[in-house]
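Just the one chain here, laid out as structure tokens, in the form predicted alone.
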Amino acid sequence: MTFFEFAKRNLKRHWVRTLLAVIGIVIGVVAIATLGILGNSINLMVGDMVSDVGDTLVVTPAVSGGGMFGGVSGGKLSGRQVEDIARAAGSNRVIPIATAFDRLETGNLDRGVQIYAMHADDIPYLLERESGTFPKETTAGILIGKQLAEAGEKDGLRAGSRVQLGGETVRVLGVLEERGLSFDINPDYAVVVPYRWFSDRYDRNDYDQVIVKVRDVRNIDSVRMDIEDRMNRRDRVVSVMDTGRIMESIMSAYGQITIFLMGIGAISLIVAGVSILNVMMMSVTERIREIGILRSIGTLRSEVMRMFLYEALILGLMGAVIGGVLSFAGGLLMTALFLEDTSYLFNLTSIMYIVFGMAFGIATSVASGIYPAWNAAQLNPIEALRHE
């Protein structure tokens, strides 16, 4: 403890230099932690926005001339093709979906809406309702998305109300729970109707896509290959999208962004480490005679080295603690400003970035003090005493 007190005494004696070194550590810790929190919060936000799709395959008509995002659709899926997909999918749930676009009118609300049509018994399997009831196949009723219901709340758009859909009066049977962004369907601003009503209303007997919900995610690759082998045996008829892999790619990309942001913060902390190295070297130079006296009265080299390492440790601890507190405040501000949701800050993974930033700050500080401490320990006592 004696050498720890020596370390504190020296830091107090040169308090301006100590303050500047601590500020450098604080800046580095804050930069690493807040940028890490921001990147992680974006990750969490995307994860919340995207529905759980790890068990989902989306089968669509094959595209040509540039791939899924740049080609031309190959058309629709017939009822027979849907049956073939169901055979290839085995015991897994197959949900064929048709889509259209039409106008929804009620009160002063008049807007275009996406229409999703699916067989009535598939709707409860894929979607959750917030209020009202699910339609039956023969029911001329619709379900509306949560966001659409909120947009039309002032105009009486709710479960039980009647609206004009494509010029035809229909009853709103229920409101769906908010689903968020997804790779299969996005019903939050849309209308969901029974397929039979849709077929009669729009004279359609085909489908735009098929969703396959795989019971065991470990079999998702084999199910995808079975569908592709059966449907694309001669020509490429369908495209099969594994939404889980797409989600993994997106999360991986955001993870790399987080690492990049933390790397930017780490640069400032390394600069702070160089500043501490300089401070410690100056301290050793100024105290050569003191070191000589300590060594001449029997102080061991390891004890001299420990004294200077204590100084570096104190600087690191002070900077890390202050930086940790400011990182929490900075993370709160950044999530509120950029994401408008501070709840992500209180996620354990976000808190860990503060812990990591503090630990990295302490480690950088101690590492910066190793060479000066070693250099001080190696001084010859006689030469040190002669130093002016």
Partner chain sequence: MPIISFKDVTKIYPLPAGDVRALNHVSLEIEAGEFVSLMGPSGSGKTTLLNVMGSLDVPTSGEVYINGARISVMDDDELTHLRRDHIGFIFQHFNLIPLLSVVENVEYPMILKTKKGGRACTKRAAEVLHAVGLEDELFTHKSNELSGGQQQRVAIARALVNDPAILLADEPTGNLDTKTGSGIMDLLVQMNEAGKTIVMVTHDPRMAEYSHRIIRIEDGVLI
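Not measured: the values here are computed from a predicted model. Numbering follows the first chain given and starts at 1.
The discussion below concerns the form predicted together with its partner chain, not included here.
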Proximity to its partner chain in the predicted complex (heavy atom, within 4.5 Å), stretch among 296-304, 249-257, 220-228, 191-199: 296-304
Would you please decide whether Lys136 lies within 4.5 angstroms of its partner chain in the predicted complex, comparing each non-hydrogen atom pair? no
Taking heavy atoms and a 4.5 Å cut-off, does Glu290 contact its partner chain in the predicted complex? yes
Do Asn10 and its partner chain come within 4.5 Å of each other in the predicted complex, heavy atoms counted? yes
Whether Phe3 contacts its partner chain in the predicted complex should be assessed with a 4.5 Å heavy atom distance threshold; does it? yes
Sequence order please: the residues of 177-205 with a heavy atom within 4.5 Å of its partner chain in the predicted complex. none
